[in-house]
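Only one chain is included here, represented as structure tokens and corresponding to the form predicted on its own.
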């Protein structure tokens, strides 16, 4: 089994807010991240796929195809967007990085299968100190 990882970057804004709570509780739990105008991050994502090497190409997947899938299914949906307000990528979910990681997995999983591999991990760095990994 071979593991292959592709990295991409995007910038996005969000606000951590639970609509079932009042402002006091949101401020208590989320602090500055509940700023009414939101805040932004320069995210880095790593998508790791796994599979066997195709003897005709020497690849697990063609990196250009993986790049194109990541850009179409994820980057185009979130880059320079407000995760809470723009589009439906995070609709109905608190825009935590944990939830974002799971939504990215869902957006990529079928496309990666179509490329002939299996999605192994989605990892997001929200800041240089905070990373989230999801393994499905």
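Residue numbers count along the first chain shown, from 1. Values in this document were obtained by computation on a predicted structure and should not be read as measured data.
Form predicted in complex with a further copy of the same chain: not shown, discussed below.
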Heavy atom of residue 42 within 4.5 Å of a further copy of the same chain in the model of the complex:
yes
May I ask you to state whether residue 12 is within 4.5 Å of a further copy of the same chain in the model of the complex, using heavy atom distances?
yes
In the model of the complex, is there a heavy atom of a further copy of the same chain that lies within 4.5 Å of any heavy atom of residue 111, even though the partner is absent here?
no
With the partner left out of view, is residue 28 within 4.5 angstroms of a further copy of the same chain in the model of the complex by any non-hydrogen atom?
yes
Hey, which residues along 119 to 136 are within 4.5 angstroms of a further copy of the same chain in the model of the complex, non-hydrogen atoms only?
126, 127, 128, 129, 130, 131, 132, 133, 134, 135
